[in-house]
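Let's start with one chain on its own, the form predicted alone, as structure tokens.
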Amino acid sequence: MHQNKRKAILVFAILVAPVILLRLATAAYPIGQTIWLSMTDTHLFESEHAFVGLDNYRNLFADPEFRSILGFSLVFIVASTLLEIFFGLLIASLLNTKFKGRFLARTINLLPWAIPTIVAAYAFQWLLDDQFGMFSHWISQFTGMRPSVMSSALNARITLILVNVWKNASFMAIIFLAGLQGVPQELYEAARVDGAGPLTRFFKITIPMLMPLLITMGMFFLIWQLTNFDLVYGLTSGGPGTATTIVPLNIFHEGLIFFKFGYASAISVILMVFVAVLGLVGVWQFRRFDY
């Protein structure tokens, strides 16, 4: 009996060992190396790399520019995710009703999500250009003025969030549509018989039934958008100034533009901690509503 158990453990170890080694090579080692670099002053053009401990982290949180970048990053991911959930649920509810051309509407809904993010970013950059943009041209035809959307920090931030919502809400809608189709129709019929109106049915039946899915997608998009890069890089490049710079773009600037690998690694570790915390909160919330 013990011999068979030892053989089973040996077979298990042989089968699992390659996967563990692969994960160590592709995840554990890079994370460990990044943490080590974050405690050095490593620079591409300097031959000596001294150990500086937590100095990079102190300098980061003492830097008002980084605090501004971190603050906008949080605003960007939270505002984008909440709006995507709202519009995704709204679109899903509309697509879940019976009407002529519903299949075509569901297909068209996926077009924004199907467009590569960097392509969408450059397309909106052109559309919003104050000299040659289509939107500016239309507005000038009616008002005689050409608005410069991207020259204002507030307008650029709002535009970035809205473009991000336009890009991702359609994907959110498809996921919510699948969830809506899994809600038993008997619940709606019983509520209708009891005199419950559309809003009551929505908040008393639809929302509770979709709550695990809402939390899952919300946490997924929070983490996903915390690592957003291509949309910001293509649409605003972080400007004007650093008004629309988010943490991943900041890492790109510090590490691959200024070659401050130690400093960029410290920012990467902070980003990793944020992702880990969000993931743990998401798991906790999901277990609360998973029934």
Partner chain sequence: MACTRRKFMKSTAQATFAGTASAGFFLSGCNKKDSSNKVKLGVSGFSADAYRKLIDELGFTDKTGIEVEVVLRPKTTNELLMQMASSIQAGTSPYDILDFEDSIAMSLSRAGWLAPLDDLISQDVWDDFTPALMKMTKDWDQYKGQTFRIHHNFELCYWWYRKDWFDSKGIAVPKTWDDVSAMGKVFTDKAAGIWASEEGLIKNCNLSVYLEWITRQAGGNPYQAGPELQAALRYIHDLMFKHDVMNPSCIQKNYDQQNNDYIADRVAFMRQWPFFYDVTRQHKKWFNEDKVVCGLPPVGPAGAASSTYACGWGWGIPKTAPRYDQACELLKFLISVENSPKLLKYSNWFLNARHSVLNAAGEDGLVKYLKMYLDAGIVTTRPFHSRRYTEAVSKIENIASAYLTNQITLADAMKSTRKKMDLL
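For clarity, every value in this text was computed on a predicted model and none was experimentally measured. Residue numbers count along the first chain shown, from 1. Heads up, when I say rigid core I mean the largest set of C-alphas that superpose within 1.5 Å between the two forms.
Quick note: we don't show the form predicted in complex with the partner chain, though the next part is all about it.
Although the partner is absent here, Met217 is not a contact residue: none of its heavy atoms lies within 4.5 angstroms of the partner chain in the model of the complex.
For the chain shown alone, His43 is a contact residue for the partner chain in the model of the complex, at least one non-hydrogen atom being within 4.5 angstroms. With a 4.5 Å cutoff on heavy atoms, Ala153 counts as touching the partner chain in the model of the complex. When contacts are judged by a 4.5 Å heavy atom cut-off, Arg287 does not count as touching the partner chain in the model of the complex. Shown here without its partner, the chain carries Lys7, Leu15 and Ser237, all of which come within 4.5 Å of the partner chain in the model of the complex through at least one heavy atom.
Note on the partner interface in the model of the complex: the residue among Ile35, Ala27, Leu54, Leu256 having a heavy atom within 4.5 angstroms of the partner chain is Leu256. This chain appears without its partner; in the model of the complex, the one residue of Val275, Leu22, Val11, Val281 with a heavy atom within 4.5 Å of the partner chain is Val11. Residues with any non-hydrogen atom within 4.5 angstroms of the partner chain in the model of the complex fall in just one of 99-107, 121-129, 165-173, 79-87: 121-129.
Scanning 48-86 for heavy atoms within 4.5 Å of the partner chain in the model of the complex gives Asp63, Glu65 in sequence order. The Cα position of Ala153 differs by less than 2 Å between this form and the one not shown after fitting on the rigid core. Core-superposed comparison between this form and the one not shown: the C-alpha position of Thr143 differs by no less than 2 Å.
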